[in-house]
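Quick heads-up: it's one chain on its own, the form predicted alone, in structure tokens.
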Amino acid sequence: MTTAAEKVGAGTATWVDDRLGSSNFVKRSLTKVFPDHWSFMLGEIALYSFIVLLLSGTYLTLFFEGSSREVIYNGAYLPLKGIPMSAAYESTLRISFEVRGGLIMRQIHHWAALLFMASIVVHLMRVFFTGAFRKPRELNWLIGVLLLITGLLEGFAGYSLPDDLLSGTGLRIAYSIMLSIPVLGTWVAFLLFGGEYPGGQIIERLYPVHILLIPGLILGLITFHMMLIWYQKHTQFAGPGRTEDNVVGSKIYPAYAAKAGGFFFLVFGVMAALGGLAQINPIWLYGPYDPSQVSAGSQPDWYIGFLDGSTRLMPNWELRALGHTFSPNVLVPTQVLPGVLFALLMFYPFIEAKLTGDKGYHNLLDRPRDKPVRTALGVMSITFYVVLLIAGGNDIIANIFHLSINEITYTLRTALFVLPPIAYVITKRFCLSLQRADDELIHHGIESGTIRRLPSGEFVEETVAVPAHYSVLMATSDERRAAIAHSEHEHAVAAALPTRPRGFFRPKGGVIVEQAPADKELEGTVD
């Protein structure tokens, strides 16, 4: 018997569906298929970290005062009692020592920021090495790079807000970077800082940027990113039954939703554990910012470290012309170099497509070994970045190992130009060797352990054919992989389609396959 509540619910649903046509959208959404592979979870970590950042940041916003106004501290932390400081620093101390749950929220927020940036970087690496940026997903690659850049800006604004001695040192460096801009540098620095350093407005201006402007941009980029994934569908690795025109995996409901929900709480649990057990950014030890002081051994968060390293490796060059002093020793490593690196990163999909003449749609992913040049370029870039990151801590390395900081700097300068090409050559040769090994297995089979004696008296070991699943994975050319996958797919469709709804079939193992429509205009839109 239908209850009154059920009647009201059904009537409301019908009213909404008549106006929005939502039932078809919900039906299509619930049958959406996502491939099962651990590497796809990297993007989810970034999404879940951002959710934690929003939640913890909202809590901190209730107690933080983003102001440079000078106050006298009279809080619970006795070593700083009676010390003049900014209201921003005083409110951060209050959050850490007096607000219930304030310190753990601060630390969860900071750890979530580090994990957010790390997951974006690793996710971009996965997309790059597997070729998931190719047509038709160039736009999503651009969004990913923009997320990385906005994440860098958001992180810098965030750790500058407490106005402690460490963050103040970072602001001093940022001010110097602005001054290095030819002709306009002084105007830009005065505009943002509200006058000669340290100014009096930078905290007040960074605060709304950190809690409103950049988070809004990141949220919009993530939303657009998810919409494109939803429309284009996921990429997938080659395998039996997988073609350029389908997606093999789990339905979003209930299988994928259950896994995603559990993974979110796992990620949140890790960040909560780090926030409660691993101390990070103890600003009370640094003290309030004083422009006349610099904290010893100051280091930025890891994602800014490469800029610190590039500045330390740059020779101390200055140019004087037309009554002006130009500082390429600051301008080149902090603005020109990252500008070039991010430009190459953003436009790499178009550069590769132009150089290779590849204009086709790609929904099957590459193994890194199958694209040795791309993989070698990626490893070379990572090597370049790691050298810069190490250079950002050259003073710490010199102090710990009792080495000359000048010798370390000269060594890293040499390594910056020598190690990346070496990494390129080694990686490319390694990929080609793996390709030959796979080709040997495909053509000659796997050693069976059975020894047979030939009529000539020679002893040979018999081999068995590589299973079809591994043959697909080890195919070194797009044509061979597509041919194997197509034959496997046709066999599976013929066996399973008669007993399944149109557009779906369930091969052995209970895995769902979503078939693309036969319309030519939708060709290549399946991820």
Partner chain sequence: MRARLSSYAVVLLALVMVGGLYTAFAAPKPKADAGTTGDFAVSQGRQLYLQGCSTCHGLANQGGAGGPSLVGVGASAVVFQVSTGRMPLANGAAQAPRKKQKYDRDQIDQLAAYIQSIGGGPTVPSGSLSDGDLALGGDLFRTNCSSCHNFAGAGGALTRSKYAPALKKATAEEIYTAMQSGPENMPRFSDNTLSPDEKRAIVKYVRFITNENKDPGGAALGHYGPIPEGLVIFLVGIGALIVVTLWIGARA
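Positions refer to the first chain, counted from 1. What you see is a predicted model, and the numbers here were worked out from it, not measured in a lab.
The same protein has a further form, the form predicted together with its partner chain, not shown here; the description that follows concerns it.
Put simply, Pro288 is close to its partner chain in the model of the complex: some heavy atom of it is within 4.5 Å.
In the model of the complex, Lys259 approaches its partner chain with a heavy atom inside 4.5 Å.
At the 4.5 Å threshold, heavy atoms of Gly360 stay clear of its partner chain in the model of the complex, well away from it. Contact annotation: Gly276 falls within 4.5 Å of its partner chain in the model of the complex, judged by heavy atom distances.
Contact annotation for the candidate site: Leu114, Asp301 and Ile396 all lie close to its partner chain in the model of the complex (heavy atom within 4.5 Å). Residue-level contacts in the model of the complex: of Thr450, Asn406, Gln335, Thr186, one residue has a heavy atom within 4.5 Å of its partner chain, and it is Asn406. Among Leu139, Ile83, Leu344, Met226, the residue placing a heavy atom within 4.5 Å of its partner chain in the model of the complex is Ile83. Just one listed stretch, out of 421-429, 215-223, 266-274, 371-379, contacts its partner chain in the model of the complex at the 4.5 Å heavy atom level, and that stretch is 266-274. Contacts with its partner chain in the model of the complex, taken as any heavy atom within 4.5 Å, map within 93-121 to Phe97, Leu103, Gln107, Trp111, Leu114, Leu115, Ala118, Ser119.
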